[in-house]
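The chain below stands alone, shown as C-alpha cells; this is the form predicted alone.
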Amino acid sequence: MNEGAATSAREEILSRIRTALGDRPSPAPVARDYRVAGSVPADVEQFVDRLVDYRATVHRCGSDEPALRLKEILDARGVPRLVVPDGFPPAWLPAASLVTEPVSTETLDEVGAVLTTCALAVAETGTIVLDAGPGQGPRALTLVPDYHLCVVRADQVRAIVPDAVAELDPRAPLTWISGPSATSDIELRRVEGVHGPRTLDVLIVG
C-alpha cells in the first residue's frame, strides 16, 4: 500500500468514527491535578515498607558504619567474594574478597554476587534506580549475579516517580529495581531470579 492510499484509508476510518460518535455527549473534562516533582515529601520509612513488600531485606546503619555493616551482611549470607564496580566509595568497602572491573559475564556468573551504590530511590514504589554512574557499573553487573547488595543513602530517597524522572538523565542506561527479580507469567506462580538476582539486600545509610 502506498502512502497516499494509507492516508486515505486512515481519513476514511476517522471520518466514520466521527460520524458514529456525532450524537454522543461531550466527555467530561479530565482532572489534570497530577502529583508532580516536589509536591510530596520523601518518606524513608515508606521506602523501607515497600522494599519489604517486594521481599527485599532491609538493613540500616549510621553514616560511619557502612563498611562494618556490609561485612556483617555478607557474612550472614555466606558471601565471601563479590564484584564491586569502579567508583564505589573506598571508605565503605567491606573486608571481603573483592573483584573489580572490568569483569566478563563468565566471571559475574562465577562470583554470583555484586555490591553497588545507586543513583536514587523512590519511596512510594520501593524502587532503586541505577544509572551506570560511580559505584554502579554497567547493567550486566546487576543482572547476571544471583545476589545484589545495594547501598542507598537516606538523602537519595525521593518521594514519587516524578521526582526521580525529573532528576535522572534519560540518556543514561537506567535500571529500575523493585525487589528481587521475579515473574508470575506462568499460571500466576511466582518464580524469582528469572531476569536478575533472586536475593536483594538493601543497606540504607543515615
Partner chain sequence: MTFLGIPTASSTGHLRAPRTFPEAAHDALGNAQLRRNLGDATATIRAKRAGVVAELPDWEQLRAAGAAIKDETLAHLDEYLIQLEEQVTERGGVVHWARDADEANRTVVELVRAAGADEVVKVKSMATQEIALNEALADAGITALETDLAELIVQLGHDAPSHILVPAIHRNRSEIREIFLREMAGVDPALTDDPRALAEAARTYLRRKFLSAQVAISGANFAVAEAGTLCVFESEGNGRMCLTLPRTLITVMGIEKLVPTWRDLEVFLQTLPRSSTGERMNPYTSMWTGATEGQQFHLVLLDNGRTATLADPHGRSALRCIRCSACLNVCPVYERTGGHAYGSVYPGPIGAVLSPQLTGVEHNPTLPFASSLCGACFDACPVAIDIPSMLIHLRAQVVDAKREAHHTPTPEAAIMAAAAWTMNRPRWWARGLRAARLSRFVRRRRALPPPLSAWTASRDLPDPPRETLRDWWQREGGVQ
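Positions refer to the first chain, counted from 1. What you see is a predicted model; the values in this text were computed from it and never measured. Throughout, rigid core stands for the largest set of C-alpha atoms superposing within 1.5 Å between the two forms.
Absent from the display: the form predicted together with the partner chain. The rest refers to it.
Mapping the unseen interface onto this chain, L68 falls outside it, with no heavy atom inside 4.5 Å of the partner chain in the predicted bound form. The shortest heavy atom separation between D43 and the partner chain in the predicted bound form exceeds 4.5 Å.
Contact annotation for V161: at least one heavy atom lies within 4.5 Å of the partner chain in the predicted bound form. At the 4.5 Å threshold, heavy atoms of D155 stay clear of the partner chain in the predicted bound form, well away from it. The partner is not shown here, but in the predicted bound form the stretch 110 to 139 reaches within 4.5 angstroms of the partner chain through a heavy atom at E124, T125, T127, A132, P138, R139. Comparing the forms between the shown form and the other one on their rigid core, the Cα displacement of R32 reaches 2 Å or more.
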